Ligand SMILES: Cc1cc2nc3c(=O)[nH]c(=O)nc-3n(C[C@H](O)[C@H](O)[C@H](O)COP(=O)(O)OP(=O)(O)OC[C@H]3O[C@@H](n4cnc5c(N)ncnc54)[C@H](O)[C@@H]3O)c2cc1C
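Quick setup: one chain, the form predicted on its own, written in structure tokens, and binding and motion questions come after.
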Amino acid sequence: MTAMALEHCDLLIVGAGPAGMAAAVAAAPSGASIAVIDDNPAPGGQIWRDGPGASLPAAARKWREALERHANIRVCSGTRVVAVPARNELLLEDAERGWRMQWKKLILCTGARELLLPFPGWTLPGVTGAGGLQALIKAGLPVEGERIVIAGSGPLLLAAAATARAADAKVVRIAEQAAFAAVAGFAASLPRWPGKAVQAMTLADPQYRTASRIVSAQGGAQVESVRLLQGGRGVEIDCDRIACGFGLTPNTQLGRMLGCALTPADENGAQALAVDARQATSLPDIHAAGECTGFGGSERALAQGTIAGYAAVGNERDAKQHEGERARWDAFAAQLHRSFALAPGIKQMPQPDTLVCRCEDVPFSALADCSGWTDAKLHRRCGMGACQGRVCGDAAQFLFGWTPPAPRPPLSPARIATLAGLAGHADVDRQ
């Protein structure tokens, strides 16, 4: 068997979204050898995802160009983390090969994923996440003329609606679960962040309704209509597609596998990677930035990434200069969380026969009496399917308060030849 390649870098950055790009650019003047890995085809993360249906904003182009200007930054797109074979080493895979990467310093910028919660009909073709709809459209999904209902919570709903409208879809309703007073209070606070106030005005939509949540989706081979509870009154709307998202959950799997400490659970049960004033985690030589440390938007991610990049190469003076910018966007994040906190009624969406684990067809009724995640996994096969609990695990944490399972390798589907690179590594054998 051919020996697996072993490569080295001074600084490894996992994730090429705003936080990862900012971290690399901040660290580059030090002369350190920097590798940035990301599973997307090009830098930008989910927020600046490229594709046939995408129009990249000026900020995304600016940061891409900044990466390209530094010869000591190597960007590895289309690359996944498979496992942690040993301390200061990751097992990676792209379309061509698997290899091991040893690092001296590591910055985790692993982002977040949508919180998808079950409701009757959520498994019908045509039902996606709100961010998922954006990604599909940017990747070239044709939605021209389609009637789309977008439901859930948070500003992502308006952003998804804008993306759909730009692709000539008909957005027939945006259902925000937060009350009018909460949304109005959030809007009144936006002058503290003028750029966000301008953005909010450009995203304003006549189909936006507050105190409105999804009840069920109806259809046969495809979604055909949606029932909403709007201001306490039932409404049914014909549609061709539903995009539903209830906020974001930090991607902490890699950090947890490395041993990084987490923050206390928030009101939804979600936890983020815990960091200090220099974006350092609980482990020496590992920093974290962006939405894996909590959701707060691209501006917060850029500020955190910049601080992490400077701190990772020992430039404390420049790191400190960006603390004010980070504090400004931390305040925005806190306001966002307060205003769009999920109402208790969201937990009542699933009915007894509503599937919670879509991969293994496990209904809500089969999980209601389980004592926790391990019980559900052993006796109901919840989380044993293709997504390995990434969707139903977050839903179960929100619905039942279960502690999520500890991540185990492989973190991503991988070829047998790549997994063979784990042979003989005691650290992985113990996981």
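Since the model is a prediction, treat every value here as computed from it, not as a measurement. All residue numbers refer to positions in the sequence shown, first residue = 1.
What comes next is about the form predicted together with the ligand, which is not displayed.
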In this chain shown alone, the residue from 114, 240, 89, 176 with a heavy atom within 4.5 Å of the ligand in the model of the complex is 114
Tell me, out of 297, 219, 269, 126, which residue has a non-hydrogen atom within 4.5 angstroms of the ligand in the model of the complex. 297
Residues 153, 182 and 250 are flagged as a possible site; in the model of the complex, is every one of them within 4.5 Å of the ligand by some non-hydrogen atom? no
Select, from the options 42 to 50, 363 to 371, 391 to 399, 58 to 66, the stretch whose residues sit within 4.5 angstroms of the ligand in the model of the complex by heavy atom distance. 42 to 50
In the model of the complex, does residue 326 have a heavy atom within 4.5 Å of the ligand? no
I'd like to know whether residue 12 contacts the ligand in the model of the complex, with contact meaning heavy atoms within 4.5 angstroms. no
Using the partner position in the model of the complex, report whether residue 341 sits within 4.5 Å of the ligand, counting heavy atoms only. no
Heavy atoms within 4.5 Å of the ligand in the model of the complex: does residue 24 have any? no
May I ask you to list the residues of 328 to 344 that have any heavy atom within 4.5 angstroms of the ligand in the model of the complex, in sequence order? none
